[in-house]
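One chain is shown next in structure tokens, namely the form predicted on its own.
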């Protein structure tokens, strides 16, 4: 169910192949108006994330502000970017890049988030698909931020599904667990789109070839190249993907939730993040908020998060294909 007026969105991202997928869906969808892209470390170093965001928008002829944000976690040591998943450049090791001339907005990502939220109170949705350092820093700069943003949608975390960096942790949260815990305990309207649903939606490589062939455009060719690299990694990891090459559409689902929340089933509860030890990065959902636990850190005062637990996979894939096959590159 799509609203008539486009939703103003700040996209907080670490591009990243699935980040690029999500970005192009957002640019193609008439219900989404990307008013800024804030970058962070994660799939690549923050400098490369900013380069990729500038490049991906430039080749679609979009002029969208891009900022560079946090480059390290709050507390824990930084991790090496997973170049074996996304490529050393984050986009599957592109053989070449066309010359572009767009440049960064000089503001830091956290300051950009605060400035835009103050300029458009109650209008902006922040979709965050990487480690949450930019959002947590923005919260430090402006404690009133939860009342200024319309809502926050996070791709990250997991409740029942096994993690992808440990048996219990998802990568975005694990990369900066202290920042994530600050975000989950702040009083905004917050939805978590995690592995419980993203591991149920597989985008096949054949679909990206179909999209690239249809458009014959540098942007969709770039996406097809990046996804081919990404799918090779996933096909080596999961037997069901080796039979028909494809990949999980992690970050894409955050935007699909934004425009079509009816494709998801939710559970609501407060979430805390384990910040150290063997469970570092685990997103723990309190399913019994009526109990006063003796363990410190829980309580009925904590804000609730809506957590996506089930998804209509076929509906998501149909929406993605229809959107990317539209004339968004020629509009």
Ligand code: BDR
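Residue numbers count along the first chain shown, from 1. Every value quoted in this text rests on a predicted model; they were computed, and no experiment measured them.
One more form of this protein, predicted in complex with the named molecule, exists but is not displayed; see below.
Proximity of residue 195 to the named molecule in the model of the complex falls within the 4.5 Å heavy atom cutoff. Using a 4.5 Å cutoff between non-hydrogen atoms, residue 109 does not count as a contact of the named molecule in the model of the complex. Contact annotation for residue 283: none of its heavy atoms lies within 4.5 Å of the named molecule in the model of the complex. Proximity of residue 145 to the named molecule in the model of the complex falls outside the 4.5 Å heavy atom cutoff. Here the chain stands alone, but in the model of the complex its contact with the named molecule, taken as any heavy atom within 4.5 Å, falls in 169 to 177 among 169 to 177, 132 to 140, 219 to 227, 200 to 208. Three-residue candidate spot 29, 215 and 323; no residue lies within 4.5 angstroms of the named molecule in the model of the complex by any non-hydrogen atom. Just one of 158, 191, 164, 125 comes within 4.5 Å of the named molecule in the model of the complex, counting any heavy atom, and that one is 164.
Contacts to the named molecule in the model of the complex (heavy atom within 4.5 Å) from stretch 42 to 57: 43 only.
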